[in-house]
Ligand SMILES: C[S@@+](CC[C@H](N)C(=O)[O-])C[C@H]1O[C@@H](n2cnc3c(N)ncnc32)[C@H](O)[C@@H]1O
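Take a look at this single chain, the form predicted alone, given in structure tokens.
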Amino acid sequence: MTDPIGAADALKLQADFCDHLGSPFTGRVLRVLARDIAMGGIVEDLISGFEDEPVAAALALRVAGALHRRALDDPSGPLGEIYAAAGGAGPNDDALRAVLVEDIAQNRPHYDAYLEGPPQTNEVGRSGVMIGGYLSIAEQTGLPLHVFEIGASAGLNLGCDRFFYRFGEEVWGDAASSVSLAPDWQGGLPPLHADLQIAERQGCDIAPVDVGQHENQRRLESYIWPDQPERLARLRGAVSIAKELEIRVIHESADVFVEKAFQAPAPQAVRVIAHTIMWQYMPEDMQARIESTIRQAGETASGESPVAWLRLEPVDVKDPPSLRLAVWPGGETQELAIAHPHGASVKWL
């Protein structure tokens, strides 16, 4: 069972993260819920049977996602109306709490079910950082890319070459794309002139999302914070592109997926292992197996069939994410950029 004090602290900790990441509304909701726990209210009862460690298991995001899902499914209801106006002042905390707890009370099976499954996010904004890495690989190798993304969720970022980007005064991509990204850009630019061709794209996840099913698409939408409508629009645009490309993400552990990526005969292309903001959630022994597999493949890589490792991850959990690239033969790690976790800002190094 979850300690109520620990659960309330987890909600308040996530609230601080939400403030920092540009979602004050979600931060406010989580603090109101934490206060309800302290008062011995329905939220304490809701989380009482949660058995995992609340921070590591992202309890706060599960609850926040459950509330947003209810608002999306019932936009004309009291909760839906508040969430639709999430960017405004809204009701005071007491009135907000009353609506939140009433919806939980009336729809308890929905909330119980959301707490059972992990949050599923597929932040499309990260492509605004990753595309620079893929362009760098294309420039350095002059070859098509076979991209293997681990922790790919619904695989939406596997369609990054079909998006439109604005990097300061420069642009790249399809201006008619349903996804347009314009991160706050600082520093230099990636090699926008490079001939980027993604010839193959595959993804794996321990809980993959098939966006061909409406239920799964709506679940992804629920984990977008309601006062960030531009992220929701990007998600929906990326879903349409993923459907066009028929992107599928298989249910497989990352270490097995990476091993299989290198078992097939080497193509005349770059085999790229890619991931974003997921490394820290894997056990250390799995991290070690994946890194060992990549480096062993790098030892036998050639100029006709290189190997690349592209990742957007914090070097330390307290640091902002860093875009790092290693290409074999050679394998020297290149630090390309520092970025916001959602790709909202990028400093190209």
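Residues carry their position along the shown sequence, with the first being 1. These numbers were taken from a predicted model, which means no experiment stands behind them.
Form predicted in complex with this ligand: not shown, discussed below.
- At least one heavy atom of residue 254 is located within 4.5 Å of this ligand in the predicted bound form.
- In the predicted bound form, this ligand sits within 4.5 Å of a heavy atom of residue 286.
- Put simply, residue 42 is far from this ligand in the predicted bound form: not one heavy atom of it is within 4.5 Å.
- Although the partner is absent here, residue 151 is a contact residue: one of its heavy atoms lies within 4.5 angstroms of this ligand in the predicted bound form.
- Note on the partner interface in the predicted bound form: the residue among 204, 241, 138, 272 having a heavy atom within 4.5 angstroms of this ligand is 204.
- From the list 181 to 189, 96 to 104, 114 to 122, 79 to 87, the contact stretch for this ligand in the predicted bound form under a 4.5 Å heavy atom rule is 114 to 122.
- Along 271 to 295, a non-hydrogen atom within 4.5 Å of this ligand in the predicted bound form is carried by 276, 277, 278, 281, 282, 286, in order along the sequence.
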